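What follows is a single chain, given as structure tokens, in the form predicted on its own.
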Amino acid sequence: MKQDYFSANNIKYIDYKDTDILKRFLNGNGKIMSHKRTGVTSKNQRQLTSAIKHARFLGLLPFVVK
């Protein structure tokens, strides 16, 4: 079983401005990967999803990669 990335790196708050970390959880098409593939806890997955959506809305991350 994979360890939670945020717990392992002692990250308490998932920030929407930290696009380098958020890109790790997007697949090649720009979709959010499931927690089964990433090993993130469900609580952190919800925070991650809202941070990615916030970053997309502000134009920091793309909605779709072509």
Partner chain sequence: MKLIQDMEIKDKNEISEDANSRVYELGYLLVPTIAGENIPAVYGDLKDVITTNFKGEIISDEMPKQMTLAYSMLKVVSNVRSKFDSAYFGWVKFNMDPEQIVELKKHLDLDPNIIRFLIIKTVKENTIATKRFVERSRGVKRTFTVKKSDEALTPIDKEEVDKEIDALIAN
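Everything numeric in this text was worked out from a predicted model, so none of it was measured. Positions refer to the first chain, counted from 1.
Below: the form predicted together with the partner chain, not depicted.
Proximity of Tyr16 to the partner chain in the predicted complex: non-hydrogen atoms within 4.5 Å are present. Contact check for Asn9: a heavy atom falls within 4.5 Å of the partner chain in the predicted complex.
Of the heavy atoms in His54, some are within 4.5 Å of the partner chain in the predicted complex.
Contacts of stretch 40-66 with the partner chain in the predicted complex, defined by any heavy atom lying within 4.5 Å, are made by His54, Arg56, Phe57, Leu58, Gly59, Leu60, Leu61, Pro62, Phe63, listed in sequence order.
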